[in-house]
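First, one chain by itself in structure tokens, the form predicted alone.
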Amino acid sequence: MTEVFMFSSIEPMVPEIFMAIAGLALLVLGAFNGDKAANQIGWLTALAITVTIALLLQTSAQPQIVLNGLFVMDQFAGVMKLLILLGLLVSVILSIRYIADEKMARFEYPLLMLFAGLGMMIMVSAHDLLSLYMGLELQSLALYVLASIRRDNAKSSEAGLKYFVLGAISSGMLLFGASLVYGYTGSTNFLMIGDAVAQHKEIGVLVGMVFLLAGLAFKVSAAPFHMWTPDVYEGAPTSVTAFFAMVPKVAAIALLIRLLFSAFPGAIIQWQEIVWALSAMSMAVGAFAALRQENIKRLLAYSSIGNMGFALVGLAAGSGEGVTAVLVYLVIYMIMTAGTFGIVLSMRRNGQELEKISDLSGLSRTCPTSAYALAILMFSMSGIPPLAGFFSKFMVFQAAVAEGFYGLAVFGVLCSVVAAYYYIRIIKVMFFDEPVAMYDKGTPFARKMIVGLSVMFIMVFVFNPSPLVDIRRDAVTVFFPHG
């Protein structure tokens, strides 16, 4: 009887426990074999993530709260963890060949991704301000090292330092907010905080909530807390940039959703105004600041800021349909980003990595497959129907309009039109500029497969969007049980 109880108390955490043990085991393997085992450890890390996905799929979807209220496992957490693990798996696969080509193969590289993913999974299941902070810092510490892992490169070192310093500031803001919330409510548990806020909204609690939102806005790279994003995206190794663009933002948005709808549903009017402002500023910065960029990684950094702004439109709506739209948006954004970076990672000439938009000149004649694939992805990101990117934006704007946020929806549409300029500019460079020398041959099969699957999803989503939307809508019932 005792054994059954003990297992049931950790059963919701089995994927995280396995991931941690696998990471430690691979760390020991790497310590004994050194960097020559980097490729082997990379594929073993991918295998560990695949096993974690299998364990996650076996976990019960019934809501379970363990560790004295610190950790929750429910349908929302399960769906978001699956998305995070898939993004993590793609990031690891994309990086294996890249780190070998760049002669920066270190066995720690895939393991840092693994431990960052572990932190993200804890974030998604956080049910207390303490577990929230623990998951956030586990993720952040791994990401700081990843950004600066190329120690002999000044840009990479600078990227890591900027990310660390600004990340420390955001952590301080988050901790200050948590201390205020605890001081005024007497608890760090989300449900207890929610009960206290519903009974009486102290001004101190609202100030604490603002600081919490500011700390999480940094992780999402929402304006005006976006200042680290362009420099870190440009300076970090490209496979790290791909990882940053895809996975941490999904975990941070998921944490933000759980925090707002579990701990602060009673202050929805107050936090809607904050999210509204973050969304509008992010869309504006993402649209206008990218217009003059010549480095494709910096352009994609501003693109990610704008995309997070569009996702926050749905969150600002504060409704079940709005949160469903956010989750659908995140899935489509991650798939588009994976395909785009799969092509960017293949931009090499004479063994050298290329980062300028001008390096794409005439790609339609030198490598038509890549050119047409990237064109489809850029059209989708700009929101051109009938591609998947159009439906993701349509859903968040529809949710905003349904809740009366007409101004935000109109502003979002205008920013989307402006942003379309720099996406279409890339297409113009590929199809109408004079071609330059061909890229190096030998793109890995795994990278081709990721790009191909991304493009296929973007194109066929229009024919049957219901399964993805229904899964996301079911996940949201955790916060909106009555629809």
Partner chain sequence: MLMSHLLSLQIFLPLLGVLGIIALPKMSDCSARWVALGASLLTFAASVVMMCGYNGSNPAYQFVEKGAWFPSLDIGYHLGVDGISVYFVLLSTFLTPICIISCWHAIEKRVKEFLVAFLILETFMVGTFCALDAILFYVFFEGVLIPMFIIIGVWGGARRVYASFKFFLYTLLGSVLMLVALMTLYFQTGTTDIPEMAAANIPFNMQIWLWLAFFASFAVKMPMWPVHTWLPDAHVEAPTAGSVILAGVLLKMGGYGFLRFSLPILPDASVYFADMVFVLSIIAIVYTALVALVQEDMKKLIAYSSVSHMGFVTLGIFTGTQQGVDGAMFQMLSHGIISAALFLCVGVVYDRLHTREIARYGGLVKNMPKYATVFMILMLGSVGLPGTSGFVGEFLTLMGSFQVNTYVAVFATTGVVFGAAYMLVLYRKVIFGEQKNADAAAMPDLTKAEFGYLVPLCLMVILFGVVPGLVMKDISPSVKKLLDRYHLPTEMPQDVAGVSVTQGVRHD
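Residue numbers count along the first chain shown, from 1. Remember, it's a predicted structure, so these values are computed and weren't measured experimentally.
Same protein, other form: the form predicted together with the partner chain, not shown, and the subject of what follows.
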Is there a heavy atom of A38 lying 4.5 Å or less from a heavy atom of the partner chain in the model of the complex? no
Contact test in the model of the complex: G186 vs the partner chain, heavy atoms, 4.5 Å: no
Does any heavy atom of W43 come within 4.5 Å of a heavy atom of the partner chain in the model of the complex? no
Tell me, yes or no, whether Y372 is in contact with the partner chain in the model of the complex, where a contact means a heavy atom of each within 4.5 Å. yes
Would the partner chain be touched by all three of F379, A420 and R425 in the model of the complex, meaning a heavy atom each within 4.5 Å? yes
Please pick, from K356, R365, R106, K155, the one residue with any non-hydrogen atom lying within 4.5 angstroms of the partner chain in the model of the complex. R365
Check each of V326, M209, L136, L387 and return the one that places a heavy atom within 4.5 angstroms of the partner chain in the model of the complex. L387
Where, among 401-409, 210-218, 161-169, 233-241, do residues come within 4.5 Å of the partner chain in the model of the complex by heavy atom distance? 401-409
